[in-house]
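Two forms of the same protein chain are encoded below as structure tokens; each is given separately, as structure 1 and structure 2.
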Structure 1
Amino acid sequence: MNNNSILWSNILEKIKNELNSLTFEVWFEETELYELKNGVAKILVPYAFHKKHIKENYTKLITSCFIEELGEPVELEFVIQEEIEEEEILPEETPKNNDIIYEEKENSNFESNLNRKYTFDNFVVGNTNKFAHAAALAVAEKPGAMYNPLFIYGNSGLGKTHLMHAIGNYIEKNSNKKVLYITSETFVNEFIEITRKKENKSDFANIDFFKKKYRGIDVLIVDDIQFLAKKTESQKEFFHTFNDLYGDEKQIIISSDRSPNDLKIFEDSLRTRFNWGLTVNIYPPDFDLKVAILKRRINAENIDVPDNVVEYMASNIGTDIRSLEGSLYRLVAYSTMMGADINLDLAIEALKDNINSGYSEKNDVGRVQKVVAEHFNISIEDLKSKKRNADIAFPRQIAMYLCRKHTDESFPKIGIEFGGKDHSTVMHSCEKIEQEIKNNKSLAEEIEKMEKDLHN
């Protein structure tokens, strides 16, 4: 942690005490102190709408926290990632205060880096993660004895980090074993730092520190091992660390975005070792697991979200749990901003950027079909049928035209949604209705009315 992140986490701690937990999560959880310079604190927030809301509601609170921490006021500026990237210059290679940090760490109590927030208790189990969960629990109950190493892999946002912290927290709570959680990036960075010092022959104490740190522990958790990939020297160091720990029957837990066999840039010797224990895959959540996770979150935070909104989110939001949770926060933030209760329409509006295209477009087509069918008092099946009588064919053409105009669907896709019509049929319908609107005022008005219904 650098100075800014320490300062900011102290401030967040204070802010957290002042707000209820949901408000805190929505508005502050993902913030960072990006820079503190010339009396200006640049605070990084996730979305543009955070800027205005935080500024208007929490400036006083944040400022007073800064005063408590620094003894003087600062000016606040809120930025989003894109704005920083525009002005970003490559950072200097190593921060100057590294020596101090190392000494501090050595003298202070051992730090496991575990995030207490992630436990087995709040990990929801479903079909797609139950094997990974069971393996994790087995390792937590008997570290070093059963499966060594435990290798968990799967796409981003599926709960790997959560599970690993859960193992670590469980072990710490139920034994006096020393657990260390690191990302492979941390490992590489520390390794580079120590090698640099060694070359300068300046501080050999640090090398001892390094060895002690990694080899004096009982459980080593290494997250996102794929980032170790290209750094051959640190791979070697990791290899030694692995061997030592393994030889002493210390538990090793590793995660990656791909299976050991797909970690192609790794030395064979390491890949083989990753397969010595148990390798588990964690899959994208199915509908039921998504619903369960959302409901758990909603209950824990005591927010009012109707079931149909939960189902809408579970079937329309991407395949990872991180974006699922992100959408829930976004929805809550949106409803706070609008001063409106959460219902399906609000959710559709709030989440339109988060919805993965396939589903949302399908839903939009469905919506058009519903509005048109109701307007003409026919059924949606009729719209999708092959019936050619005018009182069905004409509404069908209008529905196709409206789909083209109000969804992002292609002609072929629209054809599919109307019972498998050819794309040329859809094109023809759209052209025909466009022409007719120009010449037929009452039709134009009728269609306008349907368009209004679409947006209600």
Structure 2
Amino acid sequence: MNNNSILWSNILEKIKNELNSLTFEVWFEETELYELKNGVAKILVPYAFHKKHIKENYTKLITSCFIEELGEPVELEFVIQEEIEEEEILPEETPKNNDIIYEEKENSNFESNLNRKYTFDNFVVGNTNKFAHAAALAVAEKPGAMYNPLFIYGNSGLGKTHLMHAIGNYIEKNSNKKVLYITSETFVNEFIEITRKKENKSDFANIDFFKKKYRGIDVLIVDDIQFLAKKTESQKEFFHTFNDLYGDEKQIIISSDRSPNDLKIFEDSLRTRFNWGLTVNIYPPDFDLKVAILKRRINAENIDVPDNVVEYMASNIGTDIRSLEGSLYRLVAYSTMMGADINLDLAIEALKDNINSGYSEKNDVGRVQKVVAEHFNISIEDLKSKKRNADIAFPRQIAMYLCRKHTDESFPKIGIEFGGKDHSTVMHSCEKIEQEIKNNKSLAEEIEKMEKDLHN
């Protein structure tokens, strides 16, 4: 261990003593002291997102720890791996305000609709949801001040609702802010009911109550916003609600099954507002995350399930968490009915109707990685690592290029499969290899050979 590693290890120990375990794990566990030179400490962090959050929230703490260790202050600089490699990084969103003081409000007799079982503590984090989890925690720690709105999107059953409730529960636990969780369907139904009463010239107390309910809160969490599509009048009312809350620097959190830009049926003015803050995607769980989810559920239910059964389920069951957990319950029920212990043969029989036909964890990206690794006589782990030496970095760029060319995966998804690389890194790699092929006939022939191996 070099001097920088020892110094940073000591500093991390001090930081750990000042923070709760969840906060430390999310923001500091994957950091390292890259360089200490001329009074400047260059700290390597996993994502650009971490740079912003750590700088704005923990600079004072880190600086004081350096003073304790070195006896003098240092200037802090936060960098990500791609910046060290001099690769292009896209600019981050800038929040409207960084230092906002909120007035405390009473929450008595107010129903938040939050499900108390969904917390950050029981959300299983992996490569495919790590960024969304970190974003959610950042918003929970400083609602209205960090990323507003926070727009979370992804397919059904991947954990969007869990994260939204976790944000709300965290805020309620650590402040007196009013939090309201609703589905877009609830918003529409309540608005329609109020509109009918207004047309019938009923008293307007209900209209005032509706507006106060949605605009007199500190945090509004709206699940499945896509169901607001084609509801023109409801969209207009939500537009006004959004404007009022945003103007008062109140936090808005929205989920959808698609990105804001793909909500084509929505009014342009509303879709534009969805993009004002931070948009994060939750991807289907990879093999490791599915194993972790299954093991947490197994431990919680105190079930005896062998590791080979867990691995079989993670490799062959579904692409969402609900299917995975549902298959586990089916397996337990089948075991009980048959009066037999759970083993691999029983699992294969019990889950034969749940297995995705032709599905395998060895996906197209995995095949590309295997072919490239064998061609360059390196390991797949090397391709996924943070190693930057040329004999690893160049094959990694080729592998990313081939993944983009021969699979249907997006830039972000390919980045995840290569150890959590930023999507701009993947784009840079693809562009670089494309240019190299035009100018280097030998490389073009090498890549052509790898492409043939892919199809064998």
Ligand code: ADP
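Remember, predicted model here, so these are calculated numbers, not experimental data. C-alpha atoms forming the largest set that superposes within 1.5 Å between two forms make up the rigid core. Residue numbering: sequential along structure 1, first residue numbered 1.
Undergrad: Between the first and the second structure, which is the form predicted together with the named molecule?
TA: If we ask which form is the one predicted together with the named molecule, the answer is structure 1.
Undergrad: Once the core is superposed between the two structures, does E249 show a C-alpha displacement of at least 2 Å?
TA: Comparing forms between the two structures, the E249 CA shifts below 2 Å.
Undergrad: Superposing on the rigid core, is the CA of E72 displaced by 2 Å or more between the two structures?
TA: Yes, shifts by 2 Å or more.
Undergrad: With both forms fit on the core, is the shift of the CA atom of K386 between the two structures 2 Å or larger?
TA: Yes, the C-alpha position differs by at least 2 Å between the two structures.
Undergrad: Where the core is superposed, what shift in Å does the CA of N20 undergo between the two structures?
TA: So the C-alpha of N20 has moved 31.0 Å between the two structures.
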